[in-house]
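Okay, so here's just one chain, in structure tokens, the form predicted on its own.
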Amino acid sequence: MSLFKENKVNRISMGVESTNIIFLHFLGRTHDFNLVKEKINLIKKYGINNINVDLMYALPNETLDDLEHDIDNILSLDVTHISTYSLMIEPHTMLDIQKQKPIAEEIDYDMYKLISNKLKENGFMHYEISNFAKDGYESKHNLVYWNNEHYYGFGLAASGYIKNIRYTNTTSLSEYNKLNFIKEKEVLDKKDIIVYELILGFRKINGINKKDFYNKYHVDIKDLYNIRELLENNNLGENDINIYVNYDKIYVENSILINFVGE
């Protein structure tokens, strides 16, 4: 913490995931909530109050009561940002090998609503599908992604986006040490860049600024794809400044974003 403070680190993100010891063991985590509280207090002792914690939900056998208890515990930490993630069981991971099954979609949705409602009731702004912040504490780092801006990726498996190239680094340390950094590279044309702009921009609750979009691409966003139709059927909404996914459609946003992805 002394090194962080000396080098002007001013935000820390902590992968809490759960405050329930049973679910922490299920996820293979070795910490407990007492350790989380201890470290949060240590961070604050050094004057760093811009703190994010990650919360994972929709774990097998998790109930709404379990989740509410997690939320209450995390709120007691008095942090400024909370990122939430529904558990995804990816192929070839330990959970997949153990033949764990995803939670029912209806329960997942109820959990998403519980998180959204409870965090908003406690002063958090829901500003991106999975992210909540106190006023002024939105993640500048992640907003670079969602605003489709450029960034470097350093280290194994890191991703970057510079000019019109998106790249992913190698996962091999030996290759990286030989300066063979990049494993995959995608060269984008204007159409590709616009697709990314739409898919990433609509993740934000406020959506995409219509004037900024026109200034970047010299095209009216409503003339693209079937955006006018999506506005007419209330999947998308708009005000004087932005076009956005209507809030009651956020949970099923992927079914809207698929409209912008080529075959």
Partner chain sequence: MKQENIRNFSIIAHIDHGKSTLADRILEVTNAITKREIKEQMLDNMDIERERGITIKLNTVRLKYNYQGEEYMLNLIDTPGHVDFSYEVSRSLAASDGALLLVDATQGVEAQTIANMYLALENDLTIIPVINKIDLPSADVEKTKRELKEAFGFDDDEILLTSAKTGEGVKELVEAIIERINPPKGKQDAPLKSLIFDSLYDSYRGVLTLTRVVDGSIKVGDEIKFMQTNSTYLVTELFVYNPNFLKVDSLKVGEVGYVVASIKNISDVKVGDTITHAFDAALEPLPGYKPISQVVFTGIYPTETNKYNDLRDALEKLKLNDGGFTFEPETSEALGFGFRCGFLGLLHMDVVEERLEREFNLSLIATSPSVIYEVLLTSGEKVLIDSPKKLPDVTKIKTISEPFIKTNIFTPSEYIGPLMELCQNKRGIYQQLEYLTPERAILHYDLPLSEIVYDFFDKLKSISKGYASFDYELIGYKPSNLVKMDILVNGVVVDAMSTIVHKDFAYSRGKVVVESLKNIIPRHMFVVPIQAAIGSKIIARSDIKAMRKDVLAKCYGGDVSRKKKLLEKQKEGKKRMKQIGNVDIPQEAFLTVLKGEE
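Note that this is a predicted model, so its numbers are computed, not measured. Positions refer to the first chain, counted from 1.
The form predicted together with the partner chain exists for this protein as well; it is not shown, and the discussion that follows is about that form.
Screening 151-159, 114-122, 69-77, 171-179 for residues having heavy atoms within 4.5 Å of the partner chain in the predicted bound form returns a single hit, 151-159. The three residues Leu42, Ile48 and Tyr137 each lack any heavy atom within 4.5 Å of the partner chain in the predicted bound form. In the predicted bound form, Leu257 approaches the partner chain with a heavy atom inside 4.5 Å.
Although the partner is absent here, Arg166 sits close enough that one of its heavy atoms falls within 4.5 Å of the partner chain in the predicted bound form.
The partner chain is not drawn, but in the predicted bound form it has a heavy atom within 4.5 Å of Lys249. Though the partner is left out of this view, Val195 does reach within 4.5 Å of the partner chain in the predicted bound form, counting heavy atoms only. Along 102-127, these residues reach a heavy atom to within 4.5 Å of the partner chain in the predicted bound form: Glu105, Glu106, Asp108, Tyr109.
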